[in-house]
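Here's a solo chain for you in structure tokens, the form predicted alone.
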């Protein structure tokens, strides 16, 4: 089985590549020309890598046709919700065009290629308490440029399936964390600060934004296992929430991380870290995912946070 992963050198892409190699897949990957390959350093020799900007239609189409994959996992995206507020044109341009160009390439191929379009819980926007946990039938009402870009990509996948028969599966992943996740997300932001404090790089004061929000957080290793199961068992055209089904307050996440450190750390609120529009709670219903694929999360939030903190400790030790 030939598999192509866009964004293979990223946080999630690297974990997915490792998983697929263990299953004996022949793995091809797309990277940006100047992108760091640190995340896939240990498996690089087992991969077939190509430099390509997904917003270059001719180049992307050429790479896909030359690779001739059986399956495509589309992970490449500008993925920071926070940064999307200050760079909406870039985020929407890259995320929507990249998805559209892939779908259009597959529309023009004779071979039926299954493609997993990876979305986000941010597509749902602000949800009323009565609608928690969130099912796949919840209307998409995003309040961030990132959420809007993912909602558009999700709808494009559905439209290309209905109109042209492109075998697109829509994954709606809720928050996930783990080793290798970059700065700009709450868990690595906290973990990296603690690691710097322990290493003596920063004073023992944590700078944080809004801690009252609640998020459905899974381990990235559970998430990529879900992606593979969806690729094998999911129905084209359908949407699937991949989530733990539990909501953790950001305050509780911070408390667990601080408890893993022997340093006495103070917490200080930094208004600059607050977003223009905040979603109070995101918690998903994963019953469709469980029913169709048999997937369920296996890794605890405590294990995820400990592994993430240890990753940053190694970085700053």
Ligand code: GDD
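In this text, all values refer to a predicted model and were calculated from it rather than measured experimentally. Residue numbers count along the first chain shown, from 1.
From this point on, the text means the form predicted in complex with this ligand, which you will not see here.
- Of the residues 241, 244, 153, 79, just one reaches this ligand in the predicted bound form with a heavy atom at 4.5 Å or closer; this is 79.
- When this ligand is considered in the predicted bound form, only one residue from 168, 106, 173, 72 comes within 4.5 Å through any heavy atom, namely 173.
- Of the candidate stretches 156-164, 126-134, 98-106, 201-209, only 201-209 has residues with heavy atoms within 4.5 Å of this ligand in the predicted bound form.
- In the predicted bound form, at least one heavy atom of residue 278 sits within 4.5 Å of this ligand.
- At a distance threshold of 4.5 angstroms between non-hydrogen atoms, residue 184 is in contact with this ligand in the predicted bound form.
- Contact check for residue 30: no non-hydrogen atom falls within 4.5 Å of this ligand in the predicted bound form.
- Within 4.5 Å of some heavy atom of this ligand in the predicted bound form lies at least one heavy atom of residue 213.
- Annotation for 99-124: interface residues with this ligand in the predicted bound form are 120, 121, 122 [heavy atom within 4.5 Å].
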